[in-house]
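One chain follows as C-alpha cells, the form predicted alone.
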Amino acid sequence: MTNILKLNKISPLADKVFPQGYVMKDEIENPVGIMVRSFKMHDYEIPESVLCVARAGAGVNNIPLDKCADKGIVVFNTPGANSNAVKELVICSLLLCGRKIIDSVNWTQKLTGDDIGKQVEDGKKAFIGGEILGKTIAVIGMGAIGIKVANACVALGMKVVGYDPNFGPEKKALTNPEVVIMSDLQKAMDSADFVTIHVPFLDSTKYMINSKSLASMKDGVVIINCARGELVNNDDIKAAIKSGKVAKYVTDFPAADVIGVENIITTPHIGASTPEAEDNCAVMAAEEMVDYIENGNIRNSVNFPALKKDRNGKRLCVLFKAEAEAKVKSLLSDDTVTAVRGNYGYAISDFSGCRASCEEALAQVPGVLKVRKIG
C-alpha cells in the first residue's frame, strides 16, 4: 500500500490519477507523499517515510524547501495549472479599476425612496470611468500566468509590453506577437497605464514596487498584484495613492494596513479559487508525485533539478548536494544521468549496471542525501 497524506482538502480527481494500491487520506501512517495547498509546513514535523511533497498550486512559501532538500524530500509545484483562473481575476481587476464599478455598486446599494431612477441619473456622473481599449499594460513576469494575461489583453484591444529576464523561445512561441518584450523592467513599467505583477516572491523581488520604482511611472497608474503581497511595499503604495501617482491598487493579499484604504481594492486570495483550477492543480500534482515514486523522474520540482530517464528495469535514484556529484557518478553505471541546480543534484541509474555494492557505498558518501532503489 502506498500512503499519501493530504494536509488540505484536495480535489477528488487526484484519486483517479493514483494507481491501484495508493490511498490518500487526511490522517494516515507512514506516508510516502504529502499533498498540500495552503497548510503552513515550516513548523510541521515531516514523517521520515516521506519521499516527496506536492503543492497543488504555484507558490511554495508555505513549504520549507531547503529543510526538505536536506532530508532528501523532493518538493513539486504545479505551474500553469491555475493560470486561467488567475488570468480572469486580473482581467476583472482591470475593469473594476477602469470603470469605478465597486464604488458605483456600493453607492447604489444605499439608495432608498420612490425616486431611485432620478437619483441614479443625478448621481451617475460621480462614477465616470475610463475604458481599457487602447491603454498600455505592462505584464511583469511572462510565465504561464503572465503570458495568458498578455494574450488576453491584446485580444481586448490593449497595447501590451512584457518583461521577463528569462524570456526564451518556448515562452515566445506561446506569446502573441503583438506583445512587445522589453529588457528594462523600469522602462516597461514607466510606459504603462496598468502594471500587473506575475513574478515569484524572492529576496530579489521583495518590495519591487516601492517609492523608487513608482516615482517615474505615469501619474494615475493602476497596479494589480495577484502574485504575492510582499512584492509591493504597502506604505509606499499608500503614499503614492494619496499623492495621485497611483489611481488604484488591487491586491489579492489583504493586510491590516491596506484594508479599508480608499482606492485600494482587496480580494481574499481568490486568484486560484475556482473548481477548475483546483482540479487542474490536484491532477498535475498527483501525476508528478506518481512519476517520482514509481519511476524516479522529477519534473516541476522547486528544490531539485528536473531529470527524466526511460525506464529499463530496476534503477537507483540518488539525491545529493552539488559537491558530491563527481563521487556519485563514479559509483554508478555508465548510462547514469545527472543534473544539478543550485546546491542540490540528482542522479538516475540502471541498477543492473551499477558498480559492485554501489547502493551501500553511495549511502556513505558525504553529501548524499537519499539513495532509493526502484523495482
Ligand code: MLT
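Throughout, we count residues from 1 along the sequence that is shown. Keep in mind that this is a model prediction, so the values were computed, not measured.
What comes next is about the form predicted together with ligand MLT, which is not displayed.
S.K.: Contact with ligand MLT in the predicted complex for residue 57, defined as at least one heavy atom pair within 4.5 Å: yes or no?
M.R.: Yes, residue 57 is a contact residue.
S.K.: Could you confirm whether residue 272 comes within 4.5 Å of ligand MLT in the predicted complex, counting heavy atoms only?
M.R.: Yes - in the predicted complex, heavy atoms of residue 272 and ligand MLT come within 4.5 Å of each other.
S.K.: Can you tell me whether residue 228 touches ligand MLT? I mean in the predicted complex, with a 4.5 angstroms heavy atom cut-off.
M.R.: Contact check for residue 228: yes, within 4.5 Å of ligand MLT in the predicted complex.
S.K.: Please run the contact check for residue 37 against ligand MLT in the predicted complex: heavy atoms, 4.5 angstroms, yes or no?
M.R.: Yes, residue 37 is a contact residue.
S.K.: Of these, 264 to 272, 213 to 221, 241 to 249, 297 to 305, which stretch puts a heavy atom within 4.5 angstroms of ligand MLT in the predicted complex?
M.R.: It is the stretch 264 to 272.
S.K.: May I ask you to list the residues of 149 to 176 that have any heavy atom within 4.5 angstroms of ligand MLT in the predicted complex, in sequence order?
M.R.: None of them.
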